[in-house]
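Coming up is one lone chain in structure tokens, specifically the form predicted on its own.
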Amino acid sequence: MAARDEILTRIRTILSRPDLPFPPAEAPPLTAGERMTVTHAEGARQQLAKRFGEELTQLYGSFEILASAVEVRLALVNRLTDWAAEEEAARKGPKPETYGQDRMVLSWAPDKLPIAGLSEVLTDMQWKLVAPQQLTTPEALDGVRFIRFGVTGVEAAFAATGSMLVVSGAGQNRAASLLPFRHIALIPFSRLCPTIEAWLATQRATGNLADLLRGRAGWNLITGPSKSADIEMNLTLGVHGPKFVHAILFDDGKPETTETEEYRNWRIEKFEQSETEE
């Protein structure tokens, strides 16, 4: 205790010297224009989406930019199908018992996802959307233990760094973005911001920030797949979370359309293909 007090006294004494250029004796608060921004991005939504994707790609993630909700549904099913085929091709030895979880997708509640109808589309394609309310018991954990794929929305996405803010809450379990081996994030353009500073400024201006901070339990800023490196800087992906992160960015400013003939034909083709494979 005495040593700590001595250290603090020395610091206060040094900081009180009048010849030091810092800190100012009476520093005025920073204005909004003076706040330091570490990164920068600008442009229309389409340009921000492209910048986000470029940053995410450099971080070992992947992305696609789509124009409608119908395209997002197709893209999600295609991504899951391709990933499942990739894992099947890479598997060595006998197939382990997964109790049907190899065809499940750990997710937020369907009404919390930014695209309507995903549960129905996945069911058509023999996938099952699973959105547990809590994972606090051994039985609940066993129910998702072998799920390899997760899908969520985002609270916000930041183009300058390729980062996603995923906030947990009712119907938005944090496990969907952290537990599966592969994570798909659905990012509407309305959730896309140039930088985290720009998003914070908007939340302050609208008065939403305090309610968000007090009302949500878990905040995760996700920048690409999970990474870890040893002392020699050998990078390993997927150690503490998903090894694969794929972002689907889409324009949610356009009105929702009904199912097109092309989409119906695609659905029928995929279903018949899956029936043949079985």
Partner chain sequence: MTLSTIDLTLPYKTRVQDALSNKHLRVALERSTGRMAGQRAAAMAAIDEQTLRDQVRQMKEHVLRNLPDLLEQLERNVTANGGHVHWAKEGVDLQRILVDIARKANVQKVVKAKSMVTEEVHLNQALQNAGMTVVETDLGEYIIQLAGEPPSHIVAPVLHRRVEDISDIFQRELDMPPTLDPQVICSVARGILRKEFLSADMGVSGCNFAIAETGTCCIVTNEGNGRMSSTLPRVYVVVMGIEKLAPTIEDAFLQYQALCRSSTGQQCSVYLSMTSGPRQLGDTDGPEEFHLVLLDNGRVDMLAKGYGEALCCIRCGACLNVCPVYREIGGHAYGSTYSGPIGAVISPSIHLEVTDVNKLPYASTLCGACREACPVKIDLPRMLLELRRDVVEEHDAPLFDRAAMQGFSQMMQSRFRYETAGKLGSLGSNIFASMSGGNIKFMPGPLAAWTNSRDFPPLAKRSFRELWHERQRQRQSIGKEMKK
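Predicted model, so just to flag it, every value in this text is computed and none were measured. Positions refer to the first chain, counted from 1.
Form predicted together with the partner chain: not shown, discussed below.
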item: Interface membership of Gln101, the partner chain in the predicted bound form, 4.5 Å heavy atom rule; value: no
item: Ala67 within 4.5 Å of the partner chain in the predicted bound form, heavy atoms; value: no
item: The partner chain contact in the predicted bound form: Ala217, any heavy atom under 4.5 Å; value: yes
item: The partner chain contact at Leu113 in the predicted bound form, heavy atom, 4.5 Å; value: no
item: Segment that reaches the partner chain in the predicted bound form - one of 82 to 90, 114 to 122, 184 to 192, 158 to 166, heavy atoms within 4.5 Å; value: 158 to 166
item: Members of 222 to 251 lying within 4.5 angstroms of the partner chain, judged by heavy atom, in the predicted bound form; value: Ile222, Thr223, Gly224, Pro225, Ser226, Lys227, Ser228, Asp230, Ile231, Glu232, Met233, Asn234, Leu235, Thr236, Leu237, Gly238, Val239, His240, Gly241, Pro242, Lys243
